[in-house]
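Shown below, as structure tokens, is a lone chain in the form predicted on its own; questions about how it binds or moves come after it.
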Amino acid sequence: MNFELKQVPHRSAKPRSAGVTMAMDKGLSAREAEDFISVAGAYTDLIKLGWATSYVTGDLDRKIAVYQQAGIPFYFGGTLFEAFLIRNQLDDYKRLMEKHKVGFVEISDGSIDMEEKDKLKYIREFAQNFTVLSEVGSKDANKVLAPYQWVEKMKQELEAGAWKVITEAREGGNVGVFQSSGEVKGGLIEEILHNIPKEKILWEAPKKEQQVFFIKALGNEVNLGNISPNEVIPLETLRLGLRGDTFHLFL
């Protein structure tokens, strides 16, 4: 920190498994990645190269080198895993990860239909060599899971070897555990938390109001993802009670 301030809540040191901030890179240039890391790298635990943007992003190798030199793990978004899988190119996907020395992998079925038994098989398979993040929920707002289905899937995927389970919300924060308006589905979240340890969940929460909800409900060490690079520092001020929304929370 740049100066001393009393009564600021504790934040776990990196590398951490609680209070994780996952930033979503939606196509930053290598130079933008450098700028991002220079100001917010200390508060960023994971970087997701969203969707299949890595397929079309120019100077990808240089950008990946920026993240690796900063010591911040990155991974390809679950949609890219699904894109390779549905084309029967899973071996090519593994070679891509080996080429770029990727340590994390996201196993998801947000855009394709997959039997849960097959998803669990992929989690177990990849968990042998990678740290697995599994994502629960669909990107299709018309595909609604009952709360017990969320819980069942999350339990099974953690047991299969996932490090954490991600709750699908998309980059807009308008599906999954959120209404199309972005409003939190409180009953669903309550049911999930009643059955799944909070430290094992990474909540996609791209909107400030959603981040505030989770910090107020679960504390500043809640795991949050799909954070825009330019919102990582604002999120950290929310975690530390240095923004109006959480100003009195930790005093």
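One-based numbering along the sequence shown. Predicted, not measured: the structure shown is a model, and the values here were computed from it.
Although not depicted, the form predicted together with another copy of the chain is the subject of the following passage.
- Contact check for residue 217: every heavy atom lies farther than 4.5 Å from another copy of the chain in the model of the complex.
- When contacts are judged by a 4.5 Å heavy atom cut-off, residue 141 does not count as touching another copy of the chain in the model of the complex.
- Taking the partner from elsewhere, residue 28 is found to have a heavy atom lying within 4.5 Å of another copy of the chain in the model of the complex.
- Using a 4.5 angstroms threshold between heavy atoms, residue 130 stays clear of another copy of the chain in the model of the complex.
- Contact check at 4.5 Å (heavy atoms) against another copy of the chain in the model of the complex: none of 68, 164 and 203 pass.
- Just one listed stretch, out of 152-160, 130-138, 115-123, 89-97, contacts another copy of the chain in the model of the complex at the 4.5 Å heavy atom level, and that stretch is 89-97.
- Taking a 4.5 Å heavy atom cutoff to another copy of the chain in the model of the complex, the contacting residues in 1-20 are 1, 2, 3, 4, 5, 6, 7, 8.
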